[in-house]
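A lone chain, given as structure tokens: the form predicted alone.
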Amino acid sequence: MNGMHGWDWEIGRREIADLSRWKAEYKAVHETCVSPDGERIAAPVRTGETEFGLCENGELWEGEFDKVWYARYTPDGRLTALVSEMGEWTLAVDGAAWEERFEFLWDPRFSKEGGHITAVGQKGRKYYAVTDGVPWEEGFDNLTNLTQSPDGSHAAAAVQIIPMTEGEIFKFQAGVYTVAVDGQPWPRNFVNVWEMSFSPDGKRVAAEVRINLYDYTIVVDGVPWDTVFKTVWKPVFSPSGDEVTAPVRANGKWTLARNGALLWKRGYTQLWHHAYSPDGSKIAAIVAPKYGRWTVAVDDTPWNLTFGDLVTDLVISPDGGRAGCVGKEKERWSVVVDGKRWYGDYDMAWGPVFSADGRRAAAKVETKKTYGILLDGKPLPEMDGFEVLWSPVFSPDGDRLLVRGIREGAYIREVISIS
């Protein structure tokens, strides 16, 4: 998160807002969100019979709207919300609305670097990617899988560029979809286009496609791999940007391919959601070593611990030395780090977060509609019983933990020592 060194890391608890007063003052209070540094909390509120506003730390934005929806803070701390005025939608950022208006606007994305915001807009039966309020020059009949470059200055999406009715099956088989990057379509069409990724420098794009009714592959900057497969999943660029890897189904099993050639030797019943360590030396993925059992594999070596329902929220520590996830078995959730299950199982669990040096890990969990925090595998008793809780954040040195949550109707920001 941007500017963490400048946050308040002094040990102690502060009450930021009394949400019970909000509920007494407004006709309705919708989903709350908090800033990355924990200093602010906001929520859309209904101020009249048909009027809405956005309340932040007890203060309303200026102006009223037909609707206010999906309030979120950007990684650099700006407050955003989808807003409707006179039946038209746009995005407001720190109270200032984009000038461009749309019949609908949704799915805002926030870049981790650079502070750019991209969303999908629709007007006149055409769909556009909209970055910082500026839509692509050309609209499309269909637009899905919106993707941002790491710095947010570029956007890509799967688009339909040839009109088609429900009965035109031969036109569909010939290919009506492609990838548009910053509004410019690739020259080749495909039967289907799904998820895609940008290279770290934002100059290249790779996407998973179906090239005919039976064959799938990965396309990089409009050029398909030479090899086709029975199925593929989302491709990812290596941190250097020189290589593209993707889960593929070959010889009746799932494995990982790199630049069109099989990389991992072991075959799996399923393999997806792979991720690199920051230096590119390791690759982890969610896998099923056998039917109905899920785990994580690191560099083609699966953990011994498996789950019968699912494994999700794969994360690699910033130093690249550790990996974590959450697993579900018989409707109960567990946090797993380095192949070891943490204490207890829960009604719900969220992916672990690591300190910058990878030494420490923490996770949010839910039991009987209250929330708490696990630290390095064990519960923090003093950090239990929250009505609402956001994922914890480590200080840059890893010796303190920022906790942001709601207890007894009050939003609390607390920094605790874990050294």
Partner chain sequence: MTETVIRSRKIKEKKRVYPPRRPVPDLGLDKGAEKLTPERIESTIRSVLDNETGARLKVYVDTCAHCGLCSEACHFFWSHDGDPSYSPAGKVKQTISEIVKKKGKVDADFIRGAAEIAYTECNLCRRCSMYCPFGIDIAYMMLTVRRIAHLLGVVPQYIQDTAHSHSATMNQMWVKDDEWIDSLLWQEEEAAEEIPELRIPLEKEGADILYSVIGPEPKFRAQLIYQAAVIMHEAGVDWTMPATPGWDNSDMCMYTGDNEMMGRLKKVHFETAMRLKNKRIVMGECGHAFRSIFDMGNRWLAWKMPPIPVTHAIEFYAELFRDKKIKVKKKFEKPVTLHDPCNIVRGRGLHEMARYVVNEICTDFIEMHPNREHNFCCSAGGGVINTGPPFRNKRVEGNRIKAEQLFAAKSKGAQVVIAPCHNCHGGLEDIIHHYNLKMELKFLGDIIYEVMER
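The model shown is predicted, which means the values in this text are computed figures rather than measured ones. Numbering follows the first chain given and starts at 1.
Separately, the form predicted in complex with the partner chain exists; it is not shown, and the next lines address it.
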Contacting member of Gln184, Ser240, Ser153, Gln270, with respect to the partner chain in the predicted complex [4.5 Å, heavy atom]: Gln270
Sole residue of Arg249, His274, Arg322, His116 within 4.5 Å of the partner chain in the predicted complex, by heavy atom: Arg249
In the predicted complex, segment of 336 to 344, 120 to 128, 295 to 303, 276 to 284 with a heavy atom within 4.5 Å of the partner chain: 120 to 128
Pro163: touches the partner chain in the predicted complex, heavy atom cutoff 4.5 angstroms: no
4.5 Å heavy atom contact, Arg72 to the partner chain in the predicted complex: yes
Exercise: Trp89 in contact with the partner chain in the predicted complex, heavy atom 4.5 Å: yes
Contact test in the predicted complex: Glu31 vs the partner chain, heavy atoms, 4.5 Å: yes
Sequence-ordered list of residues in 214 to 244 near the partner chain in the predicted complex, where near means a heavy atom within 4.5 Å: Tyr214, Tyr216, Lys230, Thr231, Val232, Trp233
